[in-house]
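Take a look at this one chain, the form predicted on its own, written out in C-alpha cells.
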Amino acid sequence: MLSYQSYELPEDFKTGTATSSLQIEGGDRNNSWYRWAEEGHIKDGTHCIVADDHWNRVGEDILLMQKLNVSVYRMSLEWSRIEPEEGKFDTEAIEHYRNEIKLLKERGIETLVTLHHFSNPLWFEDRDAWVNKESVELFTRYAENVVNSLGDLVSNWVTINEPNIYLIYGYIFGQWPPGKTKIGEFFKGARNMIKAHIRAYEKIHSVRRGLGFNDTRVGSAMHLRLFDPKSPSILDKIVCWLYDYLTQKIFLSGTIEGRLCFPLGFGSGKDKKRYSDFLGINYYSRDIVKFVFSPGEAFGRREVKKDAEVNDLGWEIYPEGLYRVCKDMYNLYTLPIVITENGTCDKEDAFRTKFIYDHLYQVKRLIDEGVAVKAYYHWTLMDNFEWAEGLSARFGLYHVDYETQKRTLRKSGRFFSELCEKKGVDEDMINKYLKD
C-alpha cells in the first residue's frame, strides 16, 4: 500500500484546466495543422477537422468546467479564424470568442488567453511562418487587434505557447508542420518568436492602458523539461547543459530579459526591463541524457530512466521534476510562477489521479518554501487532438467519445473536482480515490 498524506493549498491559489483552440474546436480548414493532417502525417490516421467540436459546444463545455469547480481556465485563440487572410480580420470570429469569455466570466471562471498555440494561418505558413523576419510585425498586428477587441474582458495573457517545442518539432525533428530538419531555420525562428513576444508584451500593456486598465499580466508558456545526466561523466553533464541551454535557456533569457543569447545574438538586453510578468511553466517529464558520438544523435541520446513509471506515450512520470524546475526558475528570475500545463496521457485513467496528487504535492512543497506559485492548470479538460499523435492520445479529465461527442467525467476528474473545491486533499479523498 502506498503512503499518502493530506495537504492544503493556500486559499488564494487558483486551480483550473487548459486547452488549445486547434486541439478542441474543429471546423477550421485554414490552418497549418489541417493541411498537415490532410497530407497524412498524423500517426494514428485521425484528423483535427472535428476534434471535440468545441466551436459548436462552448456552453456545454463550460458546464463541464463548472462541475470541476475550477476558478480559472487557460484557452487559446485560433489566429486562422481571426485573420483568415492577411490583414483582414473576421469580426464574427472575434465575437464568438467574446461571447465565450463573457460566458466563462458569468460562471465565475477567470480566463488566461493564449494568442499562439502551435497553429498558423495558411497565408502565414506559406510566407515561411516564423522564419520570415516579417513575422514579428505580422504577429504584433494580430495581437493588437485581438487586445483591442477583447482587452476589456481579459487581464491575463500568454503571447506564445512553447516556442521551443514548436521549433524543435517543426524545424529539427520534422514531425510537425512545416516538416523541416534545418537547424539554421530553428535559430531564425527562435530569434523572431522572442522578438514577437517582446513586441506583443509591450503592445498588450499599451493597449490595455489605453482602455483604462492597470491589472494587465503578460507572459509566455515555456515547456521546461528536466535533463539529468545518465552518469557522473563530464561528457554526459556537458550534453545535459547543451540540451538545457539550446532548447530552454535561450528562450527564457529572450522572453523574460529581452536578451538574444548566443547563437541568436551577442548583445545583452538594451535595458533592465522584464518582458514577462509571470513565468508560465509547462511541465510533463524529464530525460536522462547520455553522450554519444553520432551525427544523428544531436549531441547525445535522450532516454527514459530504467524501470521508471511511464505514461501511455512512454514519458517518465517524475513529479519531483516539477519541484526542481520551479525552484530553479524562481531562484533565477524571482517571477511569480504559473503552472500553465501539467498532465499525463492515460487512456485507462489508471494513474492520472495519483499523477495529479503527486504533482500538486510538489506545488505545496514549493509554496511552503516561499516560491510564489500562483496557479495550476491541468492539461487537459477533455480528450482532444494531440498533435502528431492524433485523437488516440488521451489526456482529458473527461473522456470523449469522438463518434457521439459525449463527454464522461473520469475518476481522476472527480478527484480534481474535489481538490479544487476543498483547496487540497484530505483523508476522505485519499481513502476514496488513492488507496485502491
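When you see a residue number, it is the position in the sequence shown, counting from 1. As the structure is a computational prediction, the values presented were derived from the model and not from experiment.
Same protein, other form: the form predicted together with a small molecule, not shown, and the subject of what follows.
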**Prompt:** Among 197 to 205, 157 to 165, 357 to 365, 140 to 148, which stretch has residues whose heavy atoms lie within 4.5 Å of the small molecule in the model of the complex?
**Reply:** 157 to 165
**Prompt:** Of the residues His117, Arg286, Arg81, Lys230, which one places a heavy atom within 4.5 Å of the small molecule in the model of the complex?
**Reply:** His117
**Prompt:** Of Trp315, Phe89, Trp123, Tyr245, which residue is found within 4.5 angstroms of the small molecule in the model of the complex when only non-hydrogen atoms are counted?
**Reply:** Trp315
**Asked** Though only this chain appears here, would Glu386 touch the small molecule in the model of the complex if you measure heavy atom gaps against 4.5 Å?
**Response** yes
**Message:** Is it the case that Asp346, even though its partner is missing from this view, gets within 4.5 Å of the small molecule in the model of the complex, heavy atoms only?
**Reply:** no
**Asked** Hey, in the model of the complex, does Glu100 get a heavy atom within 4.5 angstroms of the small molecule?
**Response** no
**Request:** Verify the contact flag for Trp379: yes if a non-hydrogen atom of it lies within 4.5 Å of a non-hydrogen atom of the small molecule in the model of the complex, no if not.
**Result:** yes
